[in-house]
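Form predicted on its own, single chain, as structure tokens, below.
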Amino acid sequence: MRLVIIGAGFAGMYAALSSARLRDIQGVSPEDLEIALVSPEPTLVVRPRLYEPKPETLTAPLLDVLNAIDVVYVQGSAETVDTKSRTVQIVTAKGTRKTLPYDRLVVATGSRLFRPNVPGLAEHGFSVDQLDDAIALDRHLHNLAAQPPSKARDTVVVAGGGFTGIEAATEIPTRLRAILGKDAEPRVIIVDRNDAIAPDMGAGPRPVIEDALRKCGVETQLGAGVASLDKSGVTLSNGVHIECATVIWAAGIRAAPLTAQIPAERDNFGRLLVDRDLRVTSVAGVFATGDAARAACDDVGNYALMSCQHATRMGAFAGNNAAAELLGVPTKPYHQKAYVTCLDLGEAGALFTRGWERKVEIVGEQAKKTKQEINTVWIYPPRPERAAALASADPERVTDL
């Protein structure tokens, strides 16, 4: 038997750990149940941190962990999925192709930044979505030091006033002063079509966020979107032109394109609809998890967000349940009633909220310490020691806050 996991992000990593854990508990050998993880590199990109400087350092190796738990690493990108023949076609970096049959498949392909057809976006926009994007932005920011001081050079526009946009915007003043000199006066502007900043956070935390933006010197242009980009800057939908040398696009994400190959229903974000065990409805043998799945967290109408916090726990349940079906043992319905947010606010600290109503619990420096612990400890892979790695993947305990 073979269980194939596509993707080495947070959901894919925990799917591998959890399925190997159940296999170990059931006393089944790796020869009788092969668990294979497919990814271009055996590396976890610490995506929640890509708004930080030195993004090239924000990865964690996975090969030693996978070897410790007897998970086979298959290098390459999943190009096509045939759910009728239960095969995945993989293309390597050198362009060679191979076919990998599966008995159960876990789709953990994550998400990608939504890049609409805005004139000039492809040529002039940056992002912190993927590792290469973040490295390109960091390189660009450092290259600004070679330019003479000007209003455009020192101005950054961030398109999108959600989590990613706020974290990128509040970090930029510190990053630019480190590059341009402590006397630099960067201007950072968040542009968002909504009438309020952080629309998904609700009214409770908003005063804390607005105060933090003021402390960081971050401006907002609300009720307008970016209509076009060119070398001189951006033009907004209300006709306003902002001179700037840097535009960071942070306006929404969608499930990775591979999900479109699964003949099943999807939501507006491209996520596959799944049942409580994270099975893809109407497609036998396929599970979806993380940003690739639209999954109910509870019985009162809350659904998993496209976040690291939900991806890790969903991954653990998906891996466990895919293996459980093959091993003939009961599955565990996914549930995630606890939910917290920890939003980095640059020099103004951070914001920690609890619950779907996002009740503010901690702010400022104390919240910043929590954010740093999350970013540098909690979300990293377990150490490559078999017992510890397997123990970390109990579905009922992963991100149990």
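Model, not experiment: these values are computed from the prediction. Don't overthink the numbering: it's just position in the shown sequence, from 1.
What comes next is about the form predicted in complex with a small molecule, which does not appear here.
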- request: Name the residue from 194, 77, 228, 331 that puts a heavy atom within 4.5 Å of the small molecule in the predicted complex.
  value: 77
query: If you check 295, 128, 322, 316 against the small molecule in the predicted complex, which one has a heavy atom within 4.5 Å?
result: 128
- prompt: Within 4.5 Å of the small molecule in the predicted complex: all of 152, 186 and 233, by heavy atom?
  reply: no
- prompt: in the predicted complex, does residue 348 have a heavy atom within 4.5 Å of the small molecule?
  reply: no
field: Touches the small molecule in the predicted complex: residue 58 (any heavy atom, 4.5 Å)
entry: no
- request: Please run the contact check for residue 398 against the small molecule in the predicted complex: heavy atoms, 4.5 angstroms, yes or no?
  value: no
- request: Spell out, yes or no, whether the shortest heavy atom distance between residue 109 and the small molecule in the predicted complex is within 4.5 Å.
  value: yes
- prompt: Can you pick the stretch from 274 to 282, 201 to 209, 110 to 118, 152 to 160 whose heavy atoms fall within 4.5 Å of the small molecule in the predicted complex?
  reply: 110 to 118
